[in-house]
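One chain comes next, on its own, written out as structure tokens in the form predicted alone.
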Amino acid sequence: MNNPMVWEPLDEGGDKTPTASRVGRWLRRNPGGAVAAGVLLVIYLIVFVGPLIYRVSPITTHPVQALLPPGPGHPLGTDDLGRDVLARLLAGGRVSLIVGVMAMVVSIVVGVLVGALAGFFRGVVEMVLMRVVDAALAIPALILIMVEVTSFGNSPAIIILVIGLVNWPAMARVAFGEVLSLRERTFVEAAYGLGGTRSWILRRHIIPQLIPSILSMATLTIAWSILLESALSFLGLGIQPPLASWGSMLQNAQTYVFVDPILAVFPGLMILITVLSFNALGNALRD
């Protein structure tokens, strides 16, 4: 008999095509997802590589140069304190994207762990964990975030943790449903027959099967996290000066929306394009 610790289950109906070929086939069949992935790649390159080329401080103020229109010295103009809008757009993009990705990681780790444990062990474990999920889903997300931020502070780490902990119930629901189905599959029965323990089967054979669903939910969770962070910053409860985010740039621009509307256009467009791209990519992965 084979050693259960090195036994590999057969992927029932799985695709044995090399990964590169499968990716190419997916791109051909999902042009919308491919375009969204390309747009996101460009945004990440601009936001993270751009400051290495455009070396202008996003926090240095020049009051005498306030509200300048786009020009040679300032490609996107300046804000009410004379800060370069392009430099702040790049700096704010880094903050918004990092918050979105890290909050997604928190929500996936917590949600998959809770959902997988509840779906695999059932019984009392399921009853307790899923009632916690139901309770978390019953609380309005934005109100809960505002209460937590006002109670524990609004540092970037707190905002990431709070947004991640608000998003995890949806991920737990997805993981719970998937695990309920997977635990009845024949490869799980075979793993039991070969002497695998329950915790090892869950870790080695059940959770890896959740990766497709996790990837789809991850992209949607990033988009939702970016929107939440932008909403908090717009309300003045999110990222605080001197740090910038796209949401805080919108908050600063609302006073001058009729005087210099371009201050709100650029961060608003970046939020719109980024969220739409993540949503399109998530829908393509789910399909």
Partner chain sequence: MSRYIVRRVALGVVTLLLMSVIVFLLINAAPGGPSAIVSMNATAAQRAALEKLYGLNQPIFVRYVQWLTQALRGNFGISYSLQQPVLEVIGEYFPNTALLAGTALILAMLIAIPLGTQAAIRRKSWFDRLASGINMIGLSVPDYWLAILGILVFSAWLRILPASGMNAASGGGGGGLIAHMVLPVSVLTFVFMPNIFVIAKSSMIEALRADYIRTARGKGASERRVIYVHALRNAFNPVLSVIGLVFAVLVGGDAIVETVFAWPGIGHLMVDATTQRDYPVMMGATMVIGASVIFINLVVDLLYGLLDPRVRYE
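Keep in mind that this is a model prediction, so the values were computed, not measured. Positions refer to the first chain, counted from 1.
The protein also exists as the form predicted in complex with its partner chain; that form is not presented, and the subsequent description refers to it.
Checking Ala141, Leu215, Leu182, Leu194 against its partner chain in the predicted complex, a heavy atom within 4.5 Å turns up for just one residue: Ala141. Distance criterion of 4.5 Å from any heavy atom to its partner chain in the predicted complex singles out Ala135 from the list Ala157, Met127, Val109, Ala135. Contact check for Val147: a heavy atom falls within 4.5 Å of its partner chain in the predicted complex. Remark: Pro261 counts among the residues lining its partner chain in the predicted complex, judged by a heavy atom distance of 4.5 Å or less.
Remark: Gln254 counts among the residues lining its partner chain in the predicted complex, judged by a heavy atom distance of 4.5 Å or less.
Proximity of Ser151 to its partner chain in the predicted complex: non-hydrogen atoms within 4.5 Å are present. Residues from 206-240 that approach its partner chain in the predicted complex with a non-hydrogen atom closer than or equal to 4.5 Å are Trp224, Leu227, Ser230, Ala231, Phe234, Leu235, Leu237, in the order they occur in the chain.
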